[in-house]
Every structure is written in structure tokens, then in C-alpha cells.
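Heads up, the chain below is alone and in the form predicted on its own; it's given as C-alpha cells.
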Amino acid sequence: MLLSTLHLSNMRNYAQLELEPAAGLNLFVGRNAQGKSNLLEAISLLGTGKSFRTSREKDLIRDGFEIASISGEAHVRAGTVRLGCTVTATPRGTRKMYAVNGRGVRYAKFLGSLRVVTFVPADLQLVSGAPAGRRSFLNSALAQEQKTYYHELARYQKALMQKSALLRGDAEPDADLLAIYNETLVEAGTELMLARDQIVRALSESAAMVHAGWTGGAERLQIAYVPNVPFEVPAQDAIAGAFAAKLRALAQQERARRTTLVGPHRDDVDLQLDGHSLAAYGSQGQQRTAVLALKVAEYSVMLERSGEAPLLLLDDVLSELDPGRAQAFLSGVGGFEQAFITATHLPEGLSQARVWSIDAAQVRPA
């Protein structure tokens, strides 16, 4: 998977940009606030359709303008694909439109056309941060890989929103309507939990091997899926039955607390080192090494399951790592077809990289 061209128009601090990235490693070097993160954000948008930095989509539009556009051409296993994303500010809010090969498409059709694995400084909070960040990590990886996962996730979130609104109402919730919402939650939620269980198992195996290689086997990294609805067998019937049973058991509590207490929107992922909580007992260095191993695992699992290497985006992460960890990480993903790295200075140990300089949103070969 190779991104051959990238065009930006009024995106963040870029007025116009035409870029032809090289295969292999592309290194973008520049001072802070020159547009390095904005560039990687744009590439990520072509893969995920969303920003990894903000939920305020209006922030993507350059000051003083109403429309921002990001487009590019990529070579994938199926051939060449042209992707476009337009962000428009209107009096009623911000609107995004997507295009594949010149035709407007819905987000679900756009998602996954170009797969990306992104590593930003905020990802170092995957260990110690809130469960929502770890769920988002799983959702992003699975939605790019499986069209059905995004469909079921959207279906689940819609039913969850409807049920929660019903529970918050002044009147006693309508029992029949509540049953309909619960049925949808069980159907869609079961698919989410099955997919999450499978990918966490794959990530755990891959990350443990990578981590052991880096530490000489001195420490054992374990990653486990912690579903809100426990199940003994990762099978559809078993999960659906456990989900429905827990909904029945907590029905009164949900009504009393006026919120939905059961379902994968409360899932988590547990990271342990030698059987102990990494968040509670791991040093900062141990936590960083674990996250690096998790990101290498994400890349490897996505490659193995799709048969196609995703784009690798590293936003100013190497500067936060000592030279040993930085080199170990790059070696771990050494099979990448194309990678984009930003840095404030030329990192040690990088060879055969196409180096670009960024200054005031101007990108030039260094």
C-alpha cells in the first residue's frame, strides 16, 4: 500500500500543498508549529476519515476559509484508488463529504480504502489512560479492517443512544420499546465482542513476542480483553445469551440510575507485565516499551489479516524515546512499504530515508 500523491487545500495551516511521497521511509523535519502534525493528520484522514487530534472538525479548516479539502492517490492491492475528503463549515455546523475514484460515497464506503496505523504521543496513555481510549484503539483498527464491524458499531451506538434517552425520560420507560433496544444491543454488541476478542488475542500474541525480543525475555507482556459481559466461550450464542442475561439482571439498576450499564461500551483492555498491572506498577519506561510493542503488533496483525501493509504514521514520537527504544521500534516494523515520520531534528539511526523539511507549511526536499 503506497500513497503516491497528496493534495491539501486550506487544511489547517496549509493554503495549498502538492506532495509526492517516496516509497519506504519519509522523514519530515521542522520546528514545532510548522505543520508536521497537520500533514500526518491529513494522511490519516484519507484512511480513517477522522482526525486523530480533534473532534471539532471545524478546526481542520484554515482560518478565514469555509472549505478544506484533502485528496490523494494510492496504489493498493486492488489497483489505484483516488480518495477525497472535504470539510465545509456551514451556519448549521460542519459537514464532511467523501469521495472514492471521483464519486461521492458514504463514510462507511470510504473507511478502510486506505489503511493506516498511527502512533502519536497521546498513544502513550493507552496504558494508564481511561478505558475509552483503549476501546477507541480497538474500534479504529477493526473498523478499517472490517466493513461489518463499523456497521455493527454504528448500529450499537444508535440503539445505545436511544435506550439511554428513554431511561433518562421523566416517565416510566416503555417496556416494549426498551425490549426492542435491548434486542438490537445484544445483536450488534455480540458481533463487536466477538471481533474484539479475536483481535486482542492476536495483538497479545504478537506484542508479547515483540516485547520479549526487546527485553531479552526478562519481562512478560500480557494483553487481555476485559468485556463488560463476561463469557466462557467466544461463540455467538454464548455471548448473546450472557449479554441478555446480564441485561435482565441489571434492568432495575439501569432504571434506577437512568443509564445503560451493560454492553461493550463499557469494555476494557488489560495490560500486565509479569502478572501485575502495568498501569499501577509499571515504570514510565516499561509503559512506553509496552505501547511500542502494542503498536508494532497492530501493524503486524493488520498486515497479516489483510495481506497488505498499512501506511505507518509516527507523529513526533521518536523524540520521546531513547535511541535504543526508537531503533527497536523501527526495526520491529522494518517490513513497512511506506512510513511517514515527523521530528524536530534528524533522529539517529535512520538510514535510506527521504528527508523533507517543513517550514511555515512549506514542504521541500531537504
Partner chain sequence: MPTSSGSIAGPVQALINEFSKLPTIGPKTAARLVFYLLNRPRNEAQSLAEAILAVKDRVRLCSICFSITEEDPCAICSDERRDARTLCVVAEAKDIFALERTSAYKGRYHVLGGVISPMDGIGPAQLRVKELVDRIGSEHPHEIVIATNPNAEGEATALYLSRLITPLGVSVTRLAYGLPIGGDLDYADEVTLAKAIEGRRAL
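Nothing here was measured: the structure is a model prediction, and the numbers come from that model. Residue numbers count along the first chain shown, from 1.
What follows is about the form predicted together with the partner chain, which we do not show.
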{"property": "Interface stretch in the predicted complex with the partner chain - options 70-78, 153-161, 287-295, 135-143, non-hydrogen atom within 4.5 Å", "result": "153-161"}
{"property": "Interface residue in the predicted complex among E232, E172, D237, D176, criterion: non-hydrogen atom within 4.5 angstroms of the partner chain", "result": "D176"}
{"property": "In the predicted complex, the one of M209, A99, L166, V120 near the partner chain [non-hydrogen atom within 4.5 angstroms]", "result": "L166"}
{"property": "Every residue of V29, R56 and K58 near the partner chain in the predicted complex, heavy atom within 4.5 Å", "result": "no"}
{"property": "Heavy atom of A202 within 4.5 Å of the partner chain in the predicted complex", "result": "no"}
{"property": "R257: touches the partner chain in the predicted complex, heavy atom cutoff 4.5 angstroms", "result": "no"}
{"property": "The partner chain contact in the predicted complex: H276, any heavy atom under 4.5 Å", "result": "no"}
{"property": "E66, heavy atom within 4.5 angstroms of the partner chain in the predicted complex", "result": "yes"}
{"property": "Within 181-195, the residues that have a heavy atom no more than 4.5 Å from the partner chain in the predicted complex", "result": "Y181, E183"}
